[in-house]
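Just one chain follows, in the form predicted on its own, and it is written as structure tokens.
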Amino acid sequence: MPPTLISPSENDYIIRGVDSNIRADGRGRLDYRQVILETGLITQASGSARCRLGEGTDVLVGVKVEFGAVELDGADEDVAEIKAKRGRVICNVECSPIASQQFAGRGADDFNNELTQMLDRVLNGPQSGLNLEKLCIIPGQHCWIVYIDAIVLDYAGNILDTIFMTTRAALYSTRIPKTIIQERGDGEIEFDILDDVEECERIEGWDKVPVAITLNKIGSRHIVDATPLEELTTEAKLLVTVNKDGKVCGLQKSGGGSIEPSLLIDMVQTGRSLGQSLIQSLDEMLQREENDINLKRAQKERKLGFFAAT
């Protein structure tokens, strides 16, 4: 990606503002921009969601659940035994070149791969919360494969937090067809996939999927939900993934600067607290949206046929 520069006066202005707990857009150090969340936008997907931070970063995530084979290739005996009883999650993140000039050119591919690996590492690990064993249909043979595709439509900082929020919302809206297993004898097993939409189920453990909180060290302080200019002023970043129970699921430090031990502990505690409250807020938004959809659906059902004229 092409380098982006910031002038010394802008750098000093941001540092002084963060130190005084007054950022350029009027927020405090630990304030997020308004989160706008929508689900069910892609009709051909098993689940989808779109998340925007104010008028800035905009991410769309689509989830497609497909029938496939259990992955066994390249695994040693112990790992193969575990994978034989699990479904699969395959992630892909792409930053659209129209979102920012930073995403144009060959360097953007490396950035896309970095984001993809981060999301994949969280969702395929034990800290993801997803019950991958429930995605297995016949151990060692068939399973459900969950494809998660995220695209960054617009960029105004804090991209990872937005991707994780959108992915969690998309998994909330995802439904998997119900399967019925039948044993035919002689070790043969068959299964049927029900077409009834009402029989579809959510992915077990979606609510335990963590969100990411990116804390940016600027001067001797730290902030969340940084803008592009604030990210240029950042000396070091700490990514904290937190689930709804307040458990820290992962940490990753990036950037060339150092973080003092006392500040590191404070940043982790901040990420943990903010992550738990963010999940609660997101779940409330998702529940309100689902209630509104169910209410509209019930009103339409009551007006079918000649009753619509009354």
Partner chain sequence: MIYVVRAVTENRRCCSRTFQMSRQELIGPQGLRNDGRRVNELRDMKCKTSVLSQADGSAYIEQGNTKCLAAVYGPREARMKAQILHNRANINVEISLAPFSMSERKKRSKSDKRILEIASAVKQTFEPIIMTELFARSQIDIYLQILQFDGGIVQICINAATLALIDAGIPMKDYVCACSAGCINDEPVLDLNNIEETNNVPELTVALLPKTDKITLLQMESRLHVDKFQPVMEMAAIGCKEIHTILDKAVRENVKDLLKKVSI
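Residue numbers count along the first chain shown, from 1. Quantities reported herein were computed from a predicted structural model and do not represent experimental measurements.
What follows is about the form predicted in complex with the partner chain, which we do not show.
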The one residue among Glu81, Glu190, Glu133, Glu114 placing a heavy atom within 4.5 Å of the partner chain in the model of the complex is Glu190
Using a 4.5 Å cut on heavy atoms, which of Glu231, Asp207, Asp149, Glu71 is close to the partner chain in the model of the complex? Asp149
Location of the partner chain contact in the model of the complex, chosen stretch of 279-287, 39-47, 257-265, 23-31 [non-hydrogen atom, 4.5 Å]: 39-47
Is it the case in the model of the complex that Leu123, Tyr172 and Gly219 each bring at least one heavy atom within 4.5 Å of the partner chain? no
With a 4.5 Å heavy atom cut-off, would you call Leu60 a contact of the partner chain in the model of the complex? yes
Is Asp245 close to the partner chain in the model of the complex, meaning a heavy atom pair under 4.5 Å apart or at it? no
Asp195: heavy atom within 4.5 Å of the partner chain in the model of the complex? yes
Should Lys64 be classed as touching the partner chain in the model of the complex when contacts are defined as heavy atoms within 4.5 Å? yes
